Every structure is written in structure tokens, then in C-alpha cells.
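One chain follows as C-alpha cells, the form predicted alone.
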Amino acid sequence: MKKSSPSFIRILGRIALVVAIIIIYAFGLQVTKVDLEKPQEAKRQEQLTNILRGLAHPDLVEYEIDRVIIDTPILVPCDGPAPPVAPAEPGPVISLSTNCAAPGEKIIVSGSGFEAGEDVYIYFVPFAQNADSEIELKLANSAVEVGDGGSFAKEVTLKRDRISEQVQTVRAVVNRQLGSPAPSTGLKETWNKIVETVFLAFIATTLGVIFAVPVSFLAARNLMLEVTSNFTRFMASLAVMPVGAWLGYSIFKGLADYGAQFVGAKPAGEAFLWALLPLVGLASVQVTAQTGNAALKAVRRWLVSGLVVAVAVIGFSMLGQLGRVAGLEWKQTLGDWSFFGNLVLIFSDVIVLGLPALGAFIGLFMLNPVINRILEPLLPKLSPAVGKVLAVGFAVLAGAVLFGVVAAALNWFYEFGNLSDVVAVPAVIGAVAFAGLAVAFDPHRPIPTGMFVYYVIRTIMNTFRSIEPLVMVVAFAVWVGIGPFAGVMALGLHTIVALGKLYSEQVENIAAGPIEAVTATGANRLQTIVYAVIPQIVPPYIAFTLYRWDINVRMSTIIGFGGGGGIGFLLSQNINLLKYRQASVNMIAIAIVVASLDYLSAKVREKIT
């Protein structure tokens, strides 16, 4: 008896498990509303048949159509003598079992003189004052096939709500094909949209790669793990980076606006020369700046570098404005080659719009090394008390700036109220909180700065990677309009975070030996990345890029349903309009392109890996 008890308990456990699974599936079937009765309904089966038949007959070619129309009169309702029927002429004719009938009455439509096998469509044409306002109402749900003798007979039911004292018409229509087959309109539209889809994915992939490569280095644990800084320098960096971004943006924006005004006040050629001539003078100044003592040379170097940057920003702004003018003109005058004008216009817009963003990026990282270069030799010389005061001061600034920036961002989303009032309280809270940290921590305590950046970048990538491009494209379609541009932006953003993750994981898996060897030579971090990391990651980066292009082509089909342009947008239109033959062409094109790119990318990956 003792040996049988465990067996009995196991049996009960298995029975309970089976019962639990049954209950789970029963609840799941109810939640998902599975109903096997609906597929058996005749109407649904007929609709499914029409869809499958339409998909099985893609609209690839079309003929020039000769629409042959044969009319015969009818009086509905029959309140008088039957209307006279015109004498038969050579060619196809139709006749009715009665030319005077009541609404809803069944009559027989007969035809003769047709070609065997062709389809005849039968319509009722109500009386209309103007021939241009005629409408055709189907009397038969499907075409009538002509028999071998060139005749047919079809019983139809007249419309109950189409009555008139005037003579109305029963019409037979035959669509006869003329000439040789030609590519259909649907096929031409599909070709245009599939080309749009391929380049949509291509542009999104290339833009994604440009931003994903630098992001991948910041999101690689092995590269960021050893990046450390002491507490004081870390707080100083947090305090000056947002300020530097704001200063960089403001300075570059002001210089770019000045360059734009300068172009507007001068002829194009003169403005171009004015943009280039100062650079020649600055080159000679840079050469003479190499004389003097070390401090003087450093000051000169900073001044000349700042002047060169300022003139370069003004010059690029001027060239961007000139490019916009030239691009617009070339778009209108180059005809079939107008896309070159569009290219110049887009690159010019990128320059004009990108200069302030470039300034913010430079400012974000330029003040940090400056403040570190000042603090690095200064901190060891300070007394503990002074060092603590300096750490508290930078911590207060860092807390106020960071909490204020976060509050301003939240206020932009949720519109709490006046910006200065919303930012003030969080800034004070941040200053107090960070001051407490500064009091508790040793000013020389090492802080894992690299891991801080690593987790920030990883969090941002994980957040955006969790949002599907179909959701992103809805927002971008509202911003830039429905079309492929919205698709490029949605796929490009998703490509940045997706490739950033793949690239960074590849960096984390590289061999450590080359890094140690290059580091042992005294190379700095940038040199280590260039000579020890990049040679190991180029082949997998290329492979991941090609694979991502393949994915983007398939994704572009889906985002088209959300307004992202490309073949997906056309496919959604055809499905919504019940044009299943045209939708079949779209799906065939998608399958061919996806299979071709998959094969091509697989071959290229084989060669480089």
C-alpha cells in the first residue's frame, strides 16, 4: 500500500494537468472567438472563392477593348402597347420574351450572331433625360457564355424600383479584345511602386547605418567598461554637456543665419567667392600661429580654430543657400534629369538644416574635454576641503541642469504650465539631491562614466526597438505627409536601433588580443578603435547591413498599410477596393523582390564572412 500511494498521487497530478490544459484551451477558444460555423456559410464560401480566383488570375496583361453594345426596348410597367423593336441588322442582336413587363417580372433574354465562347453582360438601363447620365444596372450577377452556335438565352429578373412611363432599355455588352497583349495598368503601377519600395528600403538602410555605427561603439560593454572618471569630473561633465549643446546650437544657428542673409544680399557668384577667400587667409594665419611660447601657441590655436569653424559654418550656410536656389532651378529645367536638381536641393537642405544640429552635437562633447583638461591637473593640488566644495558646486549645477532639462521635456509633452515655473522646482530638487551625493561621496571616487553612457544608450535603443515601424510611420505620415518619405523616416529610425544592437553585440564579441596589443603601444582610445576594433568588425557589419536591407524591403510592404508609401500602400488600396487581380500582381512582385534580395544578400554574406 505504501508503494502505491505515490503512483496514485502522480496519476491525480497528471489528470489535474490535463484538466487544467483543457480549461485553458476552452477559455482561449472563447476569448479568441473561434467559430467553425461561419466558414461553412454559403455567402462566406462564395466570397472566399471570388478572392482566391481573383488572386489566381493576376492582372498582368491587357488588350485594347472594343465595347460592343446591343440594345432592345422594354416598357416597365406594362401600361400600354409594347414598344416597337428595330429591324435586325447584320451582327449580334438580342430579343426579349416580352418587351412589356411588370416590375420584378422574370423575362428571357436571347441573343444570336455572337462569337462562340465570348462573355455577354446583361444590363437594365433606366430612362434618362440625357444620354450622358445613363446608368447600367446588372440583370445577371455573372457573364453569360455564348454557345457554339453563337447564341444564348438567359432568364433575368427586372428591377422592382425602376419604373417609368417612357421606354427603357435592356442592354447586352460584349468586351472584345483587339491587337496584341500589353502590360496592364496594374502591372505598370506595381513596377513603379516596387522600385519605390526597394529604394525606400535602401535609403532607410544607408541612413540607419550612418547613425548606427557610432552608436554601436557607445553601446558596447567591452569598450565602455574601462571608461571611468572621478566624482568631481563626472559632475562637471553632466553640468556642462547640456550647456555646451545649447551654446553650440545657438552659435551655429546664428552663423548659419548670417550666411543665409549674406547670400541674399549678394549675387550668387560674388557670394561664392566671398565664402572661399577668407579660408585662404586663415590658412596663412594658421601657419604663423606656430611661433611663440607654448601658452601663446595654445591661445592662438584655439582662436584660429574657432575662427576657421566660424568661417566654415558661414561658408557652408552660403553654399547650402546657393544649392537650394540651383536645385530648384534645375528641377524645373533639366526635364528627365530633374532628379539631379532634386539631389542638389535635398543635400543643400541637409546642410542648412543640419548645421545647428551639428553645432549642438559638437558643443555637447567639446566643453567636456575642456573642463576635464582644466580639472585633471588641478584636482590633485587642491586641499580636501576645497576639493569637496568644488565637487558640491559642480554637483549642484549638474542636478539643477539635468532635472531642469527633464522637466522642460516633460512640459513640452504634457504642457503643465509656464516653462520657468515648471523648471524651477525640479531644478532645485535636483540641485539638493546631487549636493547630498557630493557630500556623501569622496570627490576622487571613481565613477564608471562609460557604463553610465552604455546604459543610457541601451535604454534608448530598447525603447525605440520595441515600437514597430508600422506605429512609427503613422506619426511620421502626420508630420511629413503620407508617402515614401514617411516610410523612409520610420524604417530609418528602426534601422538605427536594430543595427545599433547587432553592431554593438558584434563589438562585444571581438577578440581581446588585438586590443591589448594596440593599447600596450600607448595608443589612445580612438586609435585603439581604429586599429584594433574596426578591422575585426567590417565583415560582420557588412553582412548585418545587407540583412537589414532585406528586412527593410519586407517591412516596407507592411508600413505601406500605415501610409508609408511603396508597394504596401498600393496593395492596401487594391484590397480595400476588392481589386484582387491587381492585388495578386502586387503580391507576386513582392515575392520576387524579397526572394531575389534574400538570395543576393546570402551570396554576398558568404563571400565576406
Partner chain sequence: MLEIKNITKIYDNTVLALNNVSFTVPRGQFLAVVGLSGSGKSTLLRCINRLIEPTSGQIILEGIDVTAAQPDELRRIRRRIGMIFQHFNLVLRSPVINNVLAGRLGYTNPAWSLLNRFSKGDMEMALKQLDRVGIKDKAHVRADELSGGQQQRVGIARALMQEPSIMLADEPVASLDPVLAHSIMQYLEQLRDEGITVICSLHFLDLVQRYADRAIALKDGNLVFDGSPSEIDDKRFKEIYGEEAQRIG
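Predicted model only: the values in this text are computed from it and were never measured. Numbering follows the first chain given and starts at 1.
Beyond the structure shown, there is the form predicted together with the partner chain, which is absent from this document and is the topic of what follows.
Of the candidates 335, 522, 179, 87, 522 is the one whose heavy atoms come within 4.5 Å of the partner chain in the predicted bound form; the others do not. Proximity to the partner chain in the predicted bound form, defined as a heavy atom within 4.5 Å, holds among 134, 508, 516, 79 only for 516. Of the candidate stretches 524-532, 410-418, 353-361, 339-347, only 524-532 contains residues with a heavy atom within 4.5 Å of the partner chain in the predicted bound form. Though the partner is left out of this view, residue 138 does not reach within 4.5 Å of the partner chain in the predicted bound form, counting heavy atoms only. Proximity of residue 373 to the partner chain in the predicted bound form falls within the 4.5 Å heavy atom cutoff. The partner chain in the predicted bound form is not approached by residue 103, whose heavy atoms all lie more than 4.5 angstroms from it. Interface residue remark: residue 117 is not counted as part of the site for the partner chain in the predicted bound form, having no heavy atom within 4.5 Å.
Along 378-395, a non-hydrogen atom within 4.5 Å of the partner chain in the predicted bound form is carried only by 380.
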